[in-house]
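Next up: a single chain in structure tokens, the form predicted on its own.
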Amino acid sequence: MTNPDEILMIPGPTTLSSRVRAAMALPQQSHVSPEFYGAFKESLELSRYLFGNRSGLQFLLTGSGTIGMETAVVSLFEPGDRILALETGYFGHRFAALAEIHTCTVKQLEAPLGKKIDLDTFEKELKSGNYKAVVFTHVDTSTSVMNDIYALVKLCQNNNVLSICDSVCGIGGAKMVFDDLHADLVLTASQKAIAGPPGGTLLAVSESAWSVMEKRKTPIQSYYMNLLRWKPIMDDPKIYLTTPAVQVMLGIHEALLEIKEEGLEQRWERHSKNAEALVTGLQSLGLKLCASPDSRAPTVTAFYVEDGKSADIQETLREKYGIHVARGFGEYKDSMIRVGHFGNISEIDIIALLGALELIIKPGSELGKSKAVESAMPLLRQ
């Protein structure tokens, strides 16, 4: 049985507020009821606030972040299109795989582990590749690397190439304003920095990208993952296409309300402060971070532990201290820990994790005399 007091600090899903849980526990509503219609319409407006999107189209669909990624690929790309996939971890690779599955010609540009995409290398590739679009992650949860998305999009614009950004682990915790970014499509999911339940994907689409979809030479090869089909529903949710996950959408609506009440600027600042405190505390324990200093994200942090120890550390944190973190991906599953510190994760949660880690990694430590906590506290007090 799940511990109700467990601190969920994996890179998603994250802890839900009591308000979100209560909204999801309401009696089942009809998807065509006036109450759900009103909540969904408001969710679309709140999504615009979250994205900073007044210039483009806004979508909210039932489905995981991967549904959002594949919807972007299926709606925008046609067979044979040349796509450049920027990879700073596992999810950049997933974007490339999706484009390949849908018969695009894909080239992958991979950054060294822990590094963001080098802009000079990227620009040279753009100029030589005759690409239709570039796909990239804002924050890759497998490495905790954050790309300079504003610089990437600017280079795409300069070279007349579409830019598609996966910000599943960014939006709501890392600064991103769609109208200032000028990307063609940005997507996210509900279960990370938005602090909603899993099962919702949100997309912002520029007018220029929408024009590309409308002028396709070939039909979109999907019923569900077809933004052309979804636009009338976003214009008027009374129109039926498929039944949404009503309870999930009500939870997302409440989470979006909480974001608006906190304020985006304040939310970005809170995430940044907590991330800086966590990094300082980890470094005080002699732990090496995966992401380089200029590539670190305010939403997730990956760090190395003694090889073969990650499973033991993860289990002890959860069983003894009630803190659930994740291990690394692939070859780093035994030597890396990944921490999600977004959404409702608080200063107290950061302190609890650092104190527990020190007790595990440095068995001689004493409760109440944590070097990691002492190093993090000045940053949390700011």
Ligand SMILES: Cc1ncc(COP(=O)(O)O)c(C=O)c1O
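These figures come from a predicted structure and were not determined experimentally. Quick note: we count residues from 1 along the sequence shown, nothing fancier.
A second form of this protein, the form predicted in complex with the ligand, is not displayed here; the remarks below concern that form.
No residue in the set 88, 153 and 295 has a non-hydrogen atom no more than 4.5 Å from the ligand in the model of the complex. Note that among 344-352, 60-68, 34-42, 47-55, the stretch whose heavy atoms approach the ligand to within 4.5 Å in the model of the complex is 60-68. Site annotation in the model of the complex: the residue of 99, 185, 139, 195 reaching within 4.5 Å of the ligand with a heavy atom is 139. Put simply, of 135, 252, 202, 168 only one has a heavy atom within 4.5 Å of the ligand in the model of the complex, and it is 168.
Though the partner is left out of this view, residue 273 does not reach within 4.5 Å of the ligand in the model of the complex, counting heavy atoms only. Although the partner is absent here, residue 191 lies within 4.5 Å of the ligand in the model of the complex, judged by heavy atoms. Looking at residue 94, you'd find a heavy atom of it within 4.5 angstroms of the ligand in the model of the complex.
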